Ligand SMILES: Nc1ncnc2c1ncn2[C@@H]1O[C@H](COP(=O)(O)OP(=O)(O)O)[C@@H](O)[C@H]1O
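Single chain ahead, by itself, as structure tokens, in the form predicted on its own.
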Amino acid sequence: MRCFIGIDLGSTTTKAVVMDENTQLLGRGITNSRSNYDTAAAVSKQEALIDTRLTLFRRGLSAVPEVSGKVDSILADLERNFRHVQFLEQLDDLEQTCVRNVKGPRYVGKETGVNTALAEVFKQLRQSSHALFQPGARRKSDFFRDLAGSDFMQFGEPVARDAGLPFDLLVNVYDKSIIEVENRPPAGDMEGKFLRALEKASGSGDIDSASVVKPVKDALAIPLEETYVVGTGYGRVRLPFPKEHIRSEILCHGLGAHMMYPDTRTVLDIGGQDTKGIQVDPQGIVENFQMNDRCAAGCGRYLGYIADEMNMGLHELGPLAMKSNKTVRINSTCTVFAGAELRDRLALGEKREDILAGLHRSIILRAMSILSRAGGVKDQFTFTGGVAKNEAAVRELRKLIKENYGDVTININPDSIYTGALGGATFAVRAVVN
């Protein structure tokens, strides 16, 4: 099967989309961006290809009468077991890397003790991993570093204490090793991992092997040919592609929004590092655009800074702002000065929810200014980017669009974070098929 891939290397997350030659979406993948951009691109692409396999499984299982009505649960069990297999392989990699990094003056005379302690910690990590991937288990993150890190610290301290070792010896070797592991994609072939996951799920009774194994194996036998890859995004110049495989963020977001909503004429994208106002024609071709300047004010990074200042999670900002009874006027959208103004407002007795409501309004006012310079808002209007998931930002946007442009159809897709990658994959198809 010919696969066409778009990769959007953003400042905070890297997204990938896989399409077939008919521009049908096959899979999506996302990972946290890192200084090693090559790795971020490789991991997001790998995740999108894993999702593509799950799409092929769905197609195969949907044709099996015996599993009618059970396909979703079968796929959930298969993916859960696949992720467990992948997690255990990464744990093996992390343990081997930790052992290699037990060197230097501070470890002289302690190598045997540290290695014995590491072996015990990783033994406990493997045992506890089963609970992470049980049906219905709620994980605080899907990133390996987050899952492994919290448990390593939890198990490592008592193990070090019992071994008579300073805990910082284990922390030091872990910190160095996790960076190495994180900066390389999970090893091993995807098909082999799925086969092991299928065997694991069948053996545990999660899956009725008689009716599932053949269609899954048939789907795994379909080769995924990476026919053409297009890269875009904030870090696109660092992508390991030839220049002809690189497209600008503006072009990819415009075309991606068109693929999601063909009647789109205006696109607003608020990402981690920049804000883009884009006008597109009926074919999704960009006619005009404006971006914010080099300052990241009013973008995802700005909200992340505010969350840190208020000792909150980024995902908590929107829901708290929605509880406000009034909107506090925020004069500065500068990331540097916003923290000072935030503290001043709190010192004056303003409520946190009212301050956050004002912050969200200031962000959208800034975005509206960019849209105005790009030619205003035309029907239909599509809001994309990570900030599109923030309900308080969406509320303020709807208010301001209504006030300034009247009744305009506003499209907000929960998967709009993939818009740039979707546009990139579409360009990849067009480069070969058309």
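All residue numbers refer to positions in the sequence shown, first residue = 1. Note that this is a predicted model, so its numbers are computed, not measured. Superpose the two forms; the largest set of C-alphas matching within 1.5 Å is the rigid core.
This protein has a second form, the form predicted together with the ligand, left out of what is shown; the following refers to that one.
**Q** So in the predicted complex, are G300, G385 and N390 all sitting within 4.5 Å of the ligand, heavy atoms only?
**A** Result yes, every residue of the spot touches the ligand.
**Q** Counting only non-hydrogen atoms, choose the one of 76-84, 111-119, 280-288, 264-272 that falls within 4.5 Å of the ligand in the predicted complex.
**A** That would be 264-272.
**Q** Does at least one non-hydrogen atom of T13 fall within 4.5 angstroms of the ligand in the predicted complex?
**A** Yes, contact at 4.5 Å.
**Q** Test of understanding: in the predicted complex, would R100 fall inside 4.5 Å of the ligand by heavy atoms?
**A** Contact check for R100: no, nothing within 4.5 Å of the ligand in the predicted complex.
**Q** I'd like to check something about L314: if you look in the predicted complex, is any of its heavy atoms closer than or equal to 4.5 Å to a heavy atom of the ligand?
**A** L314: yes, in contact with the ligand in the predicted complex.
**Q** Tell me, please, whether between the shown form and the other one the C-alpha of D146 is shifted by 2 Å or more, with the rigid core used for superposition.
**A** Where the cores coincide, D146 still shows a C-alpha shift between the shown form and the other one that is 2 Å or more.
**Q** Has the Cα of I285 moved 2 Å or more between the shown form and the other one, judged after a core fit?
**A** No; that C-alpha moves by less than 2 Å between the shown form and the other one.
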